[in-house]
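Okay, so we've got a single protein chain in two different forms coming up as structure tokens, structure 1 first and structure 2 after it.
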Structure 1
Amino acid sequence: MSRVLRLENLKAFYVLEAWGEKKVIQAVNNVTLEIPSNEVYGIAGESGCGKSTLLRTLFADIEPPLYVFSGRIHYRVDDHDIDVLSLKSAEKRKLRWTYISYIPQGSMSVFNPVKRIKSTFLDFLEDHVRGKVRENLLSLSVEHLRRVGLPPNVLDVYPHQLSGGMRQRVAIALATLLRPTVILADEPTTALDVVAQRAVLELLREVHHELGNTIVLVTHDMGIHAQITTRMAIMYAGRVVEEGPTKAIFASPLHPYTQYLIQALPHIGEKKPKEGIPGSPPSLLSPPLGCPFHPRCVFAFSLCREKVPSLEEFVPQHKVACFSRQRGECVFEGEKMRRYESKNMDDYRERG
């Protein structure tokens, strides 16, 4: 399985100073991942778990207060690994939008509100495509807008004159303009109605099939991952706790946190109320010792409170960071899970 991105022991933290005291937010904490080529790769987890920060580091968009404390990010370019964190700004700039592009969360942040869409496209193209006249660049812009189902006159309007779904399509057209190998999409369906969400997801799927590239999609919506991603990673408190093919994760989740996320999905005809995950996510300022999920986990035992589990392959191509699962004590199926929870619930309440 060929890859386009590889992260090794990446630690990307926010360093904030308040009242003369420095605070370190451990947003991405010792993450190691390989993202295959020609996949729609999903990153899931609750808000505040580090998903968007991970995407920013993949784009090598490292600016204070975000700092990389350790680790490497490798791009696979022309059969060679490039450690992008070691590159100078000009070298990173050459790779952006041609090798790797980025769709940020909230399409309004892509555009200058006082410039027409045409100016944004031309500024972008003139900065990255040399030797082409203005008319050719405009033709290229029109062609890409048509690919995402928008008329050419969209170039003549201001961002606020477009609906949220149309702005998101324009952002996708901009991100795919130079046919990049990798597209990073951060919550591309945020604040869209369900009809616009479906249109944007179908568009991303079409772009993926046409370009044969890799899309890394960040969203907390597990339903979206089930629809569009082929492989995914589950993040919790800055760490990856499970990684594998999307179908395998939904069919047989290995980590207790993943199980809770999937159980929260609604099902047609279901009348029973959904149960949330007990407790609340830990502060990334001072995450708990050991496994970050152990204060909320009914399967936790002493080792979970003392040591961080490593992400290990449990079955072929399916990894999990869970001592209980690795010991074979973590059972999720039907009544077995309920009996196990009942047996350990008193101990869980004592742990808080």
Structure 2
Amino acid sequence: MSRVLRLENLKAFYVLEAWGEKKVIQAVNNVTLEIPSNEVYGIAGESGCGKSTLLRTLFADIEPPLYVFSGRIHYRVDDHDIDVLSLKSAEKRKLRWTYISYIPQGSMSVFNPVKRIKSTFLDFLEDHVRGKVRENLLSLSVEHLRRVGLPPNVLDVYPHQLSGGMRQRVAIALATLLRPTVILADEPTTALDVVAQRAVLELLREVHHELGNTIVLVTHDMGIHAQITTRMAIMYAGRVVEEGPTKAIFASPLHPYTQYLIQALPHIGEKKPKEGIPGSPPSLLSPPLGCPFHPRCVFAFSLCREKVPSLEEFVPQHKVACFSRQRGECVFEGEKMRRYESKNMDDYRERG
């Protein structure tokens, strides 16, 4: 399995200073990950746990108050490893949009409000291509817009004249235009109805099949992860707590947070009360000592309050950062778990 992206011990923190008081927000805390090429890779996790910060760091868009304290990010470009954090800004610019493209969260508000959509497109293309190619790309952009259900004349309007979902689709059309190898998409479909969402995800998937590229998709919608990602990482309080094939994560989630998350999903036809996870999300200003989930975890024991568990392989391909799980002492709905695990092994075989 070749990889397109590797991060090692990445720490990216926000440092805020207010009235002489210094606050450090540990948004991405010691993350080590490998993202294979030709994969739709999902990232899920609690609100405020650092997913957007991780994506911003992957795009090498690091500006104060965000600082990288340690770690590396390697992209595989033409059989070479490139450490993006050590690139000069001109080199970064060259890589952006053509090699890595990024759909930021809230992309519905990224357009310049006083410019028509077309001039945003042209400015964007101006930076990368010229002349004939540019015109071809403009007509390609009309094609991309059409595929997500937008008429060519959205190019002639101002952003405020489009609904939230329309703007989001324009942003996606823009990000897929230059056939990038890696697309980082942060909540790209939050403003869309399920039909348009499906059309957008199908466009992303088509682009993915056509180019054999990698899409890193951050979303809260577990349904989307189930539908289109093949592997995923679950984040909690700045750390990756679970990582593995999507099917395995749904069939037998290993981390207690993931288990809660999957159980909390409401289904149409079901009205019985469901609760969110008891307790509140940890503040990244002063995360709890030890495992960040321990204050809300029913399996926590003394070690969990003292040390941070590292992400380790528990079954082939499927990693978890949880002491009780790693010790095999975690018997979450014992019977059900065992059944899931055997089904899980079938999935591994299925994947070859």
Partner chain sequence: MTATEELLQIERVTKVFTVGSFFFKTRINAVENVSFGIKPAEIFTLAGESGCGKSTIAKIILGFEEKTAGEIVFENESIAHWREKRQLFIQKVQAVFQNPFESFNPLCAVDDIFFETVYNFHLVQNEKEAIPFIDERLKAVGLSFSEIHSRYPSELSGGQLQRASIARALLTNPSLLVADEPVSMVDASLRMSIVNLFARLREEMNLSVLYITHDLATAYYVSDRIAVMFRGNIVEMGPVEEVLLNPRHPYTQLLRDSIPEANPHRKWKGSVRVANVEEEEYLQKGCKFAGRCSLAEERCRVDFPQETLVDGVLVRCHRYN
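Here, a residue number simply tells you its place in the sequence of structure 1, counted from 1. So that the term is clear: the rigid core is the largest set of C-alpha atoms that superpose within 1.5 Å between two forms. Nothing here was measured: the structure is a model prediction, and the numbers come from that model.
Of the two forms shown, the form predicted on its own is structure 1. After superposing the rigid core, the Cα of residue 192 is displaced by 2 Å or more between structure 1 and structure 2. Once both forms are fitted on their core, a CA shift of 2 Å or more is seen for residue 267 between structure 1 and structure 2.
After superposing the rigid core, the Cα of residue 201 is displaced by 2 Å or more between structure 1 and structure 2.
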